[in-house]
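Shown here is one chain on its own, the form predicted on its own, set out as C-alpha cells.
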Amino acid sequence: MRTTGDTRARILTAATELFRRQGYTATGMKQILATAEATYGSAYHFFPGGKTQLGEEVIRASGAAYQGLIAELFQGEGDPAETTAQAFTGAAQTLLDLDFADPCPVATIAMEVSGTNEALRLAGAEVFASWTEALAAFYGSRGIAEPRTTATAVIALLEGAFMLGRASRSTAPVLDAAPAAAAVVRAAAGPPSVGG
C-alpha cells in the first residue's frame, strides 16, 4: 500500500526528471501527475503553491544532492587543480551516460525562467550560492587565495561546458574546460613555495 509520503516523493521525482529533460515551461502538471501516478488533489495537498512551489522544491532538492556530490569529489589531500580537472572528467562521463540530457534541473530551470519567475530565480540563486560556498570552503582549506572567486569561476566553466556539450552532443567542451579550470585553480594558488 502506498503512503502519502510515497505520493509526495513520486510527484517530486517525476517533476525533477521531466524538468531536467524538457524544461519547466514545457512540462505541465498533468504530465507530472500522470508520470507520478498521482491525482490533482494530492498534488495541491502537498504543493499548495502549484507548479511554482513544485519547481522551487525540485531546485532545492536537486541543489542539495549536487552539493553532496561536490563534497565527495572535492576532498582529500591531492593537488586541488588536479582534483578540479578530475571532477570535469567525471562530469563529462555523466553527460555521456545521460545521453547529453542536462544532468541537473537547476541550470535548466534557471536559464529558462530566471527573467519571468522571481520565486524560481531566487531558488536557483540560492542553490548556486550554496555550491559556490561549498567549493570555496574546499579551496580555502587548501590555501587557495580568493577561494570564493575561484569557486565561482570553476562553477561557471562547468555550467557553460555542460551547455555547450548538450548543444553539440559531445563531451569535448567539458573535457576542454578541464585544463582551463585547473589553470584557474593553479593561478589562484600562486607560485609554489621555494624549497617546498
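This structure is a prediction, so every number in the text was calculated from the model and none was measured. In case it trips you up, residue 1 is the first one in the sequence shown, and so on.
The same protein has a further form, the form predicted together with a further copy of the same chain, not shown here; the description that follows concerns it.
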With a further copy of the same chain left out here, work out from 159-167, 134-142, 65-73, 37-45 which stretch has heavy atoms within 4.5 Å of it in the model of the complex.
-> 159-167
Answer yes if any heavy atom of Q22 is within 4.5 Å of a heavy atom of a further copy of the same chain in the model of the complex; otherwise answer no.
-> yes
Would you check, heavy atoms only and a 4.5 Å threshold, whether A153 touches a further copy of the same chain in the model of the complex?
-> yes
Taking the shortest heavy atom distance, is M111 within 4.5 Å of a further copy of the same chain in the model of the complex?
-> yes
Is the gap between V184 and a further copy of the same chain in the model of the complex 4.5 Å or less for some heavy atom pair?
-> yes
Spell it out for me: taking a further copy of the same chain in the model of the complex, does every residue among K30, L95 and D97 have a heavy atom no farther than 4.5 Å from it?
-> no
If you look in the model of the complex, which residues in 111-138 sit within 4.5 Å of a further copy of the same chain (heavy atoms)?
-> M111, E112, S114, G115, T116, R121, A125, F128
